[in-house]
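Presented below, as structure tokens, is a lone chain in the form predicted alone.
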Amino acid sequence: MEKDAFELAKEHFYRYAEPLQLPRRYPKCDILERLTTPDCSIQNRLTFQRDDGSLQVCQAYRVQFNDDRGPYKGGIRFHPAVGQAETKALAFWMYLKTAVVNIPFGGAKGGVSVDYPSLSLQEKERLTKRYAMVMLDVIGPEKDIPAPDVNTGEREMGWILDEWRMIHGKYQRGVVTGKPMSMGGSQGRREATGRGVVYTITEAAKDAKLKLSGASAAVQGFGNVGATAARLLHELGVRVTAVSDVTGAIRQPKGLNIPEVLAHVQAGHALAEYPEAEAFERDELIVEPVDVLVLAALENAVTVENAPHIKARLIAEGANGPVHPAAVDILNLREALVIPDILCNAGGATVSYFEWVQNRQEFYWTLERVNEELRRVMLDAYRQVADLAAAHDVTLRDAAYRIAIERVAEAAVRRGVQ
């Protein structure tokens, strides 16, 4: 029987925690169980009104996994596949992600199981504000700070902030991050995850002795993260030869004109209809003959079936959990340099932290400062991970998990064992 997302996430954890010998170092603390058990796992019925007056019932989730290093932090996704196991896994990865880049947050995740794109604008607002109401006692600027995720963005965060204000009668801008600029959002937040992906790619390319100018790349996923990464790689002189989204994939061996592709998609056209490239099956993008592969779609895109056929020298995990645990060793045997998700896509969480800091101070940074601080955090984190990997002759994934687990375990024990 196929293991669920949370069981797979725990397998990852135990594998990478084993060399740290936490039970021996922290005896009688049951430390492994503590770090793999969510603090709070919530499932609520959510009912909202459709435009025709009918009611629709959905399941709403919020998992607060660990707050040993700071308030819970994590996105909200509206997608039919949202469920308890997936939400636990994403919250689990989130607390490790904030730890590996050393920002003072824990990990959480939330969502609603719903076909969100099919709803009208008014229905989307009612659903989102209903979610905020359902989670009224769960979220808060000192407790649990949501952010955008799949099918949510600035608009939804603005709606949640408005609902919070209407209930409490005062502004608390830090209740969510990823808000519109006009409501206290941060410069650079929208592009932060994709920008962080590219910052780590530039550093990893140096370690792999790969000259990015003129190198080739394929980007799986052309949403916010993938499109930003593709554009920034294009600006660095990388030939982005293939991109894909839910509608299909396109390739151009000479290199796609990414600004034109972006304009094509933003005009409402399907990616596969872009006229200056060849359309092909999106599942084939992963095995394109490129130097750099950016995985910016959903979980488990790389499997035991397609992993042996991946040709990229450098793989950047822009999505959460894009490599199935069973495929990790296959990539390791190929000696592909893989930048793991808990490091690679931490840019969004990092700039969310910057936004939260700005909201607390009510003093706002320039775009240049945001990007420079993001660059500093991402490069510092990458270098710590790469140095540990080199010192112990392990992969970047091993090293990233060891650093994250070590930081959270120490905080947990120093807080006390209750």
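When you see a residue number, it is the position in the sequence shown, counting from 1. Remember, predicted model here, so these are calculated numbers, not experimental data.
Below, we refer to the form predicted together with a small molecule, which is not included among the displayed structures.
A.B. asks: Considering Glu125, Asp149, Glu288, Asp144, which brings a non-hydrogen atom within 4.5 Å of the small molecule in the model of the complex?
C.D. replies: Contact check passes for Asp149.
A.B. asks: Of these, Leu232, Ala205, Leu331, Ala297, which has a heavy atom no more than 4.5 Å from the small molecule in the model of the complex?
C.D. replies: Partner contact (heavy atom, 4.5 Å) among the options: Ala297.
A.B. asks: Quick check on Gly223: any heavy atom within 4.5 Å of the small molecule in the model of the complex?
C.D. replies: Flag for Gly223 set to yes.
A.B. asks: Hey, in the model of the complex, does Val246 get a heavy atom within 4.5 angstroms of the small molecule?
C.D. replies: It does: once the small molecule is placed as it appears in the model of the complex, Val246 has a heavy atom within 4.5 Å of it.
A.B. asks: Are any of the heavy atoms in Leu96 no more than 4.5 Å from a heavy atom of the small molecule in the model of the complex?
C.D. replies: The answer is no: Leu96 has no heavy atom within 4.5 Å of the small molecule.
A.B. asks: Even though the small molecule is not shown here, does Thr193 get within 4.5 Å of it in the model of the complex, heavy atoms only?
C.D. replies: Yes, Thr193 is a contact residue.
A.B. asks: Heavy atoms within 4.5 Å of the small molecule in the model of the complex: which stretch among 180-188, 297-305, 331-339, 162-170?
C.D. replies: Comparing against the small molecule in the model of the complex, the contact stretch is 297-305.
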